[in-house]
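Just the one chain here, the form predicted on its own, laid out as structure tokens.
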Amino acid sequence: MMTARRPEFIDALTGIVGAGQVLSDPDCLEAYGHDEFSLKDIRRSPDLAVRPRTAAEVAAVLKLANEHGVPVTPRGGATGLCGGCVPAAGGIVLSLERMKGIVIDPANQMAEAEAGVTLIEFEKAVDEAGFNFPPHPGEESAMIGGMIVTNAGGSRAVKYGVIRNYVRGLEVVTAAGDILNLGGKLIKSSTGYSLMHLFIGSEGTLGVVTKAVIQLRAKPALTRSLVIPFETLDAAVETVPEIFRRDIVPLALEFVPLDVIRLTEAHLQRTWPSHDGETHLFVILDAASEDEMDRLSESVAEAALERGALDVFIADTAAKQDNVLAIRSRMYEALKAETIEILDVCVPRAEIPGHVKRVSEIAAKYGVWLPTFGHAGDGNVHTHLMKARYENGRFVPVPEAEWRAALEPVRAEIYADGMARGGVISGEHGIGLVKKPYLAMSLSPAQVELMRGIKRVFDPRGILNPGKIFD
């Protein structure tokens, strides 16, 4: 066994990726020891950070690490929220930040993107080529490789699906250093097991994604946002199935509480269209023509008003849409300073009101503030575990001993309620380190053991992102 810090090992890595691309200085390594999960408890600096430029370099690094039993933690933009790219076992962080290639194929309406391309870079290239990439899974500094291995979702999943629905091919490097080319510029394939889909959502535990073939779509001609206030959460969420019954599938369909809206308004110095009621639906529609858009808007408004909506506000200009989108997309930013963790329980849509009510009961039981909002169209509910309360329009800090004592029981009770409603503990963030103790709440022992077996086949020495998802 050779430790990662041995001079011979560092020299061998440098020979693969080049001078200056193997980092060993402790001050530099600290930045590679965490993701966006707020608590420092899980942070750990790696022994080394290695920054390859090509799939061949990734393969050579993995082959070397595998031969010597050195743990390797793949890392993209580190925007995850559950410690997925934290090098829990030390060793190497394999940062894909230098892998930036993008090629658009207009004839096949697809793009090839290397793992280190950020969401904002990818969307810019796609837009300039005249196409659209419908998913928008959160933080724009997230990288393609990381989004694929977490099967990232986002608010647009209700109509256009998650990342998995757009991946047509993958270039993946195994722990042994083999480069696999899975799928391709294909719409259909029934040729053997779909190994490609095993890697999507695997959190870097089975192999390292170095490049993806991604399906693109034509740009929508028009989009329009609607803000619909309701007196209660029940009334808001009960409107959702009625919208779908009218054969309308919105681009996005969110529920947000008024207290979070007000807090975000203050944070951004912007104004939401309404302060009525308790819970608002935020609906984004896309359409090919003005007539179709008007028809969809009227039908959504009718469904909402029939279910007790207090009003319907239509953002029908670019400025109005930009305003409401800015507020909705930056709600987490407004809460972030006082947020411990964001849960992403996913339940059947009809279970949202009951789950959110239970969250309110848990908040009262433990004397904590648990702001909750999320994707009404797909059942993904984001409850924020906070280290402050919100009183009279401002944050009131809670003593650390108090919020730490409540953290685990609150988390466990919220998960338990989600599972009792036929849900799962993660709809889009993944398991990583933070949710690992709760995996058995979602999956049977037989399922977890099958996953362990798959892990052993792809990574027999257990070097790839060890300690994530399960032990």
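One-based numbering along the sequence shown. These numbers were taken from a predicted model, which means no experiment stands behind them.
Missing here is the form predicted together with a small molecule; even so, the following discussion is about that form.
At least one heavy atom of Met147 is located within 4.5 Å of the small molecule in the predicted bound form.
The closest non-hydrogen atom of Tyr332 lies within 4.5 Å of the small molecule in the predicted bound form. The closest non-hydrogen atom of Pro134 lies beyond 4.5 Å of the small molecule in the predicted bound form. Under a 4.5 angstroms non-hydrogen atom cutoff, the small molecule in the predicted bound form lacks Ile102 among its neighbouring residues. Here the chain stands by itself, but in the predicted bound form one stretch of 299 to 307, 136 to 144, 216 to 224, 265 to 273, 136 to 144, has heavy atoms within 4.5 Å of the small molecule. With the partner omitted from this view, the residue of Glu36, Asp417, Glu57, Asp47 that lies near the small molecule in the predicted bound form is Glu36 [heavy atom within 4.5 Å]. Shown without its partner, this chain lists Pro371, Pro250, Gly379, Pro74 as candidates; in the predicted bound form, only Pro74 has a non-hydrogen atom within 4.5 angstroms of the small molecule. Here the marked residues Val158, Gly423 and Ile425 all miss the small molecule in the predicted bound form; none has a heavy atom within 4.5 angstroms.
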